[in-house]
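Taking the form predicted on its own, here's one chain by itself in structure tokens.
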Amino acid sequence: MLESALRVLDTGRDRVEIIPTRRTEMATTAAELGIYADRLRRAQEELVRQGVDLLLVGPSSDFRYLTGHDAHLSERLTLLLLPREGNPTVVVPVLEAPTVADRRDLVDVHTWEETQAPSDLVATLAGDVAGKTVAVGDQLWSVFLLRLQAAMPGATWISATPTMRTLRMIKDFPELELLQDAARRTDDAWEEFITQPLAGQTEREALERLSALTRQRGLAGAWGLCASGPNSASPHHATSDRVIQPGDAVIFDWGGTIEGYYSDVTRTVHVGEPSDEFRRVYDIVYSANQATLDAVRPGVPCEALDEAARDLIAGEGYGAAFLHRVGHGLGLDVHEEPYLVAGNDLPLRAGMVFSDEPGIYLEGRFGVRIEDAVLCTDTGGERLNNATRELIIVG
């Protein structure tokens, strides 16, 4: 469970004590629906505050966040309609109606037949939108948006990002439990992984072994990359069949999900004894990772965290080799708001979860990245990942 220092977390909505027991089973249906009913209510409050009349969300992480339903994405339209006042509605193809049967106490459900145009049904349910503002989830397919715009003329159409990020950036306690559990299991997979040698394996083979260990710990959708030797100087290297050799730096960036919530962690190891320069670069990245964590406080601008890591790395002469922002939000998407990047003056708030991942990349030679998920609390930052960050030398 979360550290005792984090027993009380103020998310700006309620100040609630975290009960020091591990989540071991799904909440009851009534309790689950209560969580999603509260999220829908808060979304409507945001619509009122932002002057939006109607929110439309297709199958996506936003849909799952608001309803708890992992809607099927296909050429058949499924859509959540959330007016600023009144009941939320889900439009779903009739053949998928059974998948939302357990949500009928949460949302009104309307089905459409194969021979119907679902955009016309949405237009009927939405009513006259002329002169109104309709916010659309960013992950809705453009073909659906075009059909909806044709069926609902006269509205002003905007992105739903300002509404949804306000809600999703601040994690509630069920979310925090899942994120911490995902991080813990991913850490555990790593601690077993590093007990075995790497030399002679391909990047693909090494990543599959780590992914298998991750899946064994109950995480779904295990994903990741392995970058060895000169490939480690490419932050988003596509894992290849290159054979890992003595003298290589090897970066692993990977994770998985629990009930849709992601882990995302990066560790760098060295095969055999490293050079003095590699040790120096590793120590700089290690210190930058800590400097980012030390900068976490409610009210601190997101860009200040990037600056903390970047200034340290630049001060050591490697500023041009830090190629990316220092972090991104983490939740139902592996990359989501908030983004820790220069120019983002959004202040941190307790309940935000994001990555802390400085790196140095020396083209044609090697790279080093260390990444942890971090929770912003009332009093500072708390790592969700606790797998060793010390330099590991493997065979």
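Keep in mind the model is a prediction, meaning the values are calculated, not measured. In this text, residue numbers run from 1 along the sequence as written.
Omitted here: the form predicted in complex with a further copy of the same chain. The next part is about that form.
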{"property": "Touches a further copy of the same chain in the model of the complex: A291 (any heavy atom, 4.5 Å)", "result": "no"}
{"property": "4.5 Å heavy atom contact, T99 and a further copy of the same chain in the model of the complex", "result": "yes"}
{"property": "Exercise: A155 in contact with a further copy of the same chain in the model of the complex, heavy atom 4.5 Å", "result": "no"}
{"property": "Exercise: D276 in contact with a further copy of the same chain in the model of the complex, heavy atom 4.5 Å", "result": "no"}
{"property": "a further copy of the same chain in the model of the complex: contacted by all of I284, Y286 and G380, heavy atom 4.5 Å", "result": "no"}
{"property": "Listed range touching a further copy of the same chain, judged in the model of the complex by heavy atoms within 4.5 Å, from 176-184, 192-200, 88-96, 294-302", "result": "88-96"}
{"property": "Contact residue in the model of the complex, from L346, L362, V341, I35 (heavy atom within 4.5 Å of a further copy of the same chain)", "result": "V341"}
{"property": "Single option in T133, T161, T111, T257 placed near a further copy of the same chain in the model of the complex, where near means a heavy atom within 4.5 Å", "result": "T161"}
{"property": "Within 140-168, the residues that have a heavy atom no more than 4.5 Å from a further copy of the same chain in the model of the complex", "result": "L140, W141, S142, V143, L145, L146, Q149, W157, I158, S159, T161"}
